[in-house]
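To begin, one chain is listed below as structure tokens, in the form predicted on its own.
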């Protein structure tokens, strides 16, 4: 029987699992602020809120409730991020999000390998994460940092200048759109049949079979052997 190898620890799994919930709350509560196209969300929530608070303005009641949900979710995500950030900072030089090989050709090869793996269903030698997953992780880290900084600036916008608040609002909106686009792609690939083992490891077991890692994540397997973790 193949040995089970821990690929995601409890902190990583806990953060990832609850990140899904909080991002969903932040997205739904933030969309009506981003565009009036999504005012129906505020109206839908505003109906029961207005009834409970005896408010005459359904949209205003809904927006106030959504703003409370948005701020609360942001605060909870900040708290949730503390142990995760502390963990990754300690091993920042060894994170899987960094390329296994550097250079333009290595980047091109990485995306060619993704094409072979996801589209042609061919066997490819990956690290713990493929080129697309690494790029996603890098963009998500950057956009989440921008979202956090600009978001807290907007929460306390009375303490900053109107010009700075305008820039913060623009940065918040642009980073959210980029984050959202990457998230849609990530969700699609996460439930892709070829990623079933990675999905189960992240959300259920935290482990993968040694034989599977050796066959499908050869670069990662060699790294684990070199570090005497297998």
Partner chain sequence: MSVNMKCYDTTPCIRCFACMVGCSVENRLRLQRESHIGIEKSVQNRLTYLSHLSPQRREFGSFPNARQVTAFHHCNHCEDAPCLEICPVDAIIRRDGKEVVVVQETCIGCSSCLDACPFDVPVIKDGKSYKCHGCYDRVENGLKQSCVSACPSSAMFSGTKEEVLKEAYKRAKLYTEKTGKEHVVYGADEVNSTVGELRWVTIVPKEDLEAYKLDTNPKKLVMSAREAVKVVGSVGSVAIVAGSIGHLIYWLGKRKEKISKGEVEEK
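Since this is a predicted model, take the numbers as computed values, not measurements. Residue numbers count along the first chain shown, from 1.
Note that the form predicted in complex with the partner chain isn't included here; everything after this is about it.
Visitor: Looking at the partner-bound form in the model of the complex, is residue 64 within 4.5 Å of the partner chain by any heavy atom?
Guide: Output for residue 64 is yes: heavy atoms within 4.5 Å of the partner chain.
Visitor: Test of understanding: in the model of the complex, would residue 79 fall inside 4.5 Å of the partner chain by heavy atoms?
Guide: Contact with the partner chain, no.
Visitor: Flag residue 57 as yes or no: does it have a non-hydrogen atom within 4.5 angstroms of any non-hydrogen atom of the partner chain in the model of the complex?
Guide: Contact check for residue 57: yes, within 4.5 Å of the partner chain in the model of the complex.
Visitor: Contact with the partner chain in the model of the complex for residue 72, defined as at least one heavy atom pair within 4.5 Å: yes or no?
Guide: It does not: once the partner chain is placed as it appears in the model of the complex, residue 72 has no heavy atom within 4.5 Å of it.
Visitor: Which residue, 202, 28, 49, 165, is the contact with the partner chain in the model of the complex, using a 4.5 Å heavy atom cutoff?
Guide: By the 4.5 Å criterion, the partner-contacting residue is 165.
Visitor: Out of 101, 94, 157, 112, which one falls within 4.5 Å of the partner chain in the model of the complex, going by heavy atoms?
Guide: In short, 157.
Visitor: Would the partner chain be touched by all three of 137, 149 and 228 in the model of the complex, meaning a heavy atom each within 4.5 Å?
Guide: No: no residue has a heavy atom within 4.5 Å of the partner.
Visitor: Can you name the residues of 181-205 that have a non-hydrogen atom within 4.5 angstroms of the partner chain in the model of the complex?
Guide: Going through 181-205 in order - heavy atoms within 4.5 Å of the partner chain in the model of the complex - the hits are 181, 184, 185, 188, 192, 193, 194.
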